[in-house]
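Heads up, the chain below is alone and in the form predicted on its own; it's given as structure tokens.
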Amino acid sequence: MSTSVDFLLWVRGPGFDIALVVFLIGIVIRLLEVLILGRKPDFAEPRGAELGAGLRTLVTRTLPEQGSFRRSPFTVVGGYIWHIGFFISLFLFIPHIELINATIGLSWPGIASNLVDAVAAVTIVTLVAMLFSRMSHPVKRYLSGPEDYLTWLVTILPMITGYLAYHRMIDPYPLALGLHILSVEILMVVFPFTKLMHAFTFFIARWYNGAMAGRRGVQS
């Protein structure tokens, strides 16, 4: 890859194909690991329904818990901000929608680019602030391991490189766009094998916890 254009063509072609294959295979393997674990037979007489309790827990565990909010409001609010901001930047930016449509044939309406740009900036600032909070708080720092910092890094890199590419702050532009795509591909490769996988498994885990509690007649 002697030029920035060659680099861009590689990350848009073979690089993306490799990342996509690793991402999909990794997701399937991790989900199979969860499903293969199964669940032990429960011979006790059920005291309640599983379905309703499981669905209720999906909703209630998504809302902020009052005790957690009182203890660490910044962590709760910051978590919501960056998750929502990342979602908007990834799925509502029109060029991203066009890429998804070209890849798997799905499309939906996007929002104005300048709005996505503002959301991305807020998301980047929030992620940096949350890293500072993690490193400056003794308990959070003690509980954090290398994987936590790795997931933070691979999450913020696409946001930063996308912001730089959108504002053409790196010259030449093919290099800026190539770096952004490469950062996304790194995220895709790392995703299935880190805590980022909770984006898929938290639905299963929350429903299961609620369903089991409902079966026993208690509230999750």
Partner chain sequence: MAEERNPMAKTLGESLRQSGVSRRGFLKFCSATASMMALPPTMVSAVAESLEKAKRPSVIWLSFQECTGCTESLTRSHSPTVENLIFDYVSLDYHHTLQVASGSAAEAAREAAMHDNEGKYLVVVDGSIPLGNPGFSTIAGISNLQMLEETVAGAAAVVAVGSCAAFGGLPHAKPNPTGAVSVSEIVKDKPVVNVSGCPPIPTVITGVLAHFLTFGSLPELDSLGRPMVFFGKSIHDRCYRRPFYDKGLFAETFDDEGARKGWCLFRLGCKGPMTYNACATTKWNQGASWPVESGHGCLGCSEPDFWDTGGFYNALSIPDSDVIRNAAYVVGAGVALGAAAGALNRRKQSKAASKHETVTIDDLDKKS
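For clarity, every value in this text was computed on a predicted model and none was experimentally measured. Positions refer to the first chain, counted from 1.
Below: the form predicted together with the partner chain, not depicted.
Enquirer: Just to confirm, residue 102 within 4.5 Å of the partner chain in the predicted bound form by heavy atoms?
Expert: Close contact exists here: in the predicted bound form, residue 102 approaches the partner chain to within 4.5 Å, heavy atoms only.
Enquirer: Could you tell me if residue 152 has a non-hydrogen atom within 4.5 Å of the partner chain in the predicted bound form?
Expert: Taking the distances in the predicted bound form, the answer for residue 152 is no, it never comes within 4.5 Å of the partner chain.
Enquirer: Given that the partner chain is not shown alongside this chain, does residue 94 nevertheless sit within 4.5 Å of it in the predicted bound form, heavy atom to heavy atom?
Expert: Close contact exists here: in the predicted bound form, residue 94 approaches the partner chain to within 4.5 Å, heavy atoms only.
Enquirer: Check residue 132 for me: does it contact the partner chain in the predicted bound form (non-hydrogen atoms, 4.5 angstroms)?
Expert: Although the partner chain is absent here, residue 132 would stay clear of it in the predicted bound form, with no heavy atoms inside 4.5 Å.
Enquirer: Pull the contact list for 5 to 35: residues with a heavy atom within 4.5 Å of the partner chain in the predicted bound form, in sequence order.
Expert: If the 4.5 Å heavy-atom criterion is applied to the partner chain in the predicted bound form, 5 to 35 yields 5, 6, 8, 9, 12, 13, 16, 17, 20, 21, 24, 25, 28, 29, 32, 33.
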